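We begin with a single chain expressed as structure tokens, specifically the form predicted alone.
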Amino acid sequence: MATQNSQSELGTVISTMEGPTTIVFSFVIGSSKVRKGQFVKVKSDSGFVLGSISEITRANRYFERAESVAEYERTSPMTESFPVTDWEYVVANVRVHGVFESEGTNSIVRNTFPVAPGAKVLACEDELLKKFLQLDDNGLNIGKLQHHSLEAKLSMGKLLQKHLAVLAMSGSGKSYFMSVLIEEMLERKSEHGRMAVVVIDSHGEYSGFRATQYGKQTEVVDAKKFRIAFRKVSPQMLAEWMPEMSATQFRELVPIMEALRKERKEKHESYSLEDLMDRIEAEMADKKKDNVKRPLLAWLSALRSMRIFGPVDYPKLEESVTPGKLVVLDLSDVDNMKKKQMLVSYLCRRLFKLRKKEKVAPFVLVLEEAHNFAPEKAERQHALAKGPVVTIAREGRKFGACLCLISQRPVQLATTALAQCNTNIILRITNPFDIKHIGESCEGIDSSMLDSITTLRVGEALVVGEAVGSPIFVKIRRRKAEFSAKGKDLELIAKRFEEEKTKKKQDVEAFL
């Protein structure tokens, strides 16, 4: 037992001007294995005090005075004249998370008494750490805890039920991380509870799942083929999609739509946008109503030109959104932003309505470029999907409708939606406004963690919130499925373009 303790000893608690206190302490490092972000423990009268290393400082008394160092270094290196290595020491600052009153318990209590100077600091073993961080053996494995051998298996319920936000600058690996999470969802066993995954894919980054080992579980829907059954569109939806509509125009539209719907329902027939336009033309033939009729018909004509309405919905969500299945709505070929907003708006409404009636499986809706669909500050015509997204954020947890917001500009994302995400996975971000916004909106992040966000490498993430007992840094695991997204490497795009151009030229010359 003594041998194990000596092997796990990392250093000794020291007395400083700032501590030890109930929330911080420092220790002189006596092991080369100590790293920033590592979890440590100290034996106290109450039990084991658990903390994580927030910063490490290296010092040497011989090098404290700049003018002395400069003077000595003119003639010869100080290392040759003085025993400098004997005076070097390294100090780690620790943030205290709480106390395990006994190692057998699963709960941790608030620390109410400082650790003693001179106490030995020990490495925190995996089993204790697993209990403290509330990791789940049947959870979603996103990678490994930094500086530990422990796999970061997060409970699906804690991670997703109260919504998830994935925040990172472009190129930091947020789509790669999301692919890892999707793999975990698709591989999940039915006895542990499975959900459906619906991805609104702005850049075609998830379509590649169809060509992998997950192909049978994947359905990719091209946004150009997406159709909305017009009979399911209410006057309120049309009013949201046409924000320019006045109260008078809306008042005239409602009875016409309701009469048309009732009439066709009795005949068991569907009706189209063209039928509505014909009915408006007939019902408002009076020239006095031209000021109401003409703008209405112009707006409806603009909607018709988008070609998103049909006799039935496609895809049929009741059949597509099933446990253990991935549905990708590929928006990469749609240039019209209003059309994208309308598709997302309808999809959110329809999914949530079907989930409340339990006609689709519990689902997680992954919204790429979330700041474009639910912006914080934007005119109504540029935020058509914001209302339905915020509705799922506010009410979805009660019905098994979960939201995953992915954004590279958190400061532009609707605060109402972001505030409902109780877990945040943050990859590298350097924009100071975004970092400040994260610090204000995410509980449990201190200033040293905010500073660390700017230095994260690709594939490293900070997990904070309900899914973990304490903020943790994770090295994201490698993806099991290998595929290329539409946004390929720039060098590859340039090379392929030139090769194809050369080949065409050679074919023409050969033909002539």
Ligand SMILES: Nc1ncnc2c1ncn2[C@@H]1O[C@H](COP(=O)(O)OP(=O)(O)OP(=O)(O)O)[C@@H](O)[C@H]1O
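What you see is a predicted model; the values in this text were computed from it and never measured. All residue numbers refer to positions in the sequence shown, first residue = 1.
Keep in mind that the form predicted together with this ligand is not shown, yet the notes after this line are about it.
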| request: Considering this ligand in the predicted bound form, find the one stretch among 151-159, 92-100, 174-182, 329-337 with heavy atoms no farther than 4.5 Å from it. | output: 174-182
| query | Out of Val458, Val69, Val28, Ala59, which one falls within 4.5 Å of this ligand in the predicted bound form, going by heavy atoms? | reply | Val458
| Sole residue of Ser170, Ser305, Thr75, Thr112 within 4.5 Å of this ligand in the predicted bound form, by heavy atom | Ser170
| request: May I ask you to state whether Gln408 is within 4.5 Å of this ligand in the predicted bound form, using heavy atom distances? | output: yes
| Arg478: touches this ligand in the predicted bound form, heavy atom cutoff 4.5 angstroms | yes
| Can you check whether Glu205 is within 4.5 Å of this ligand in the predicted bound form, heavy atom basis? | yes
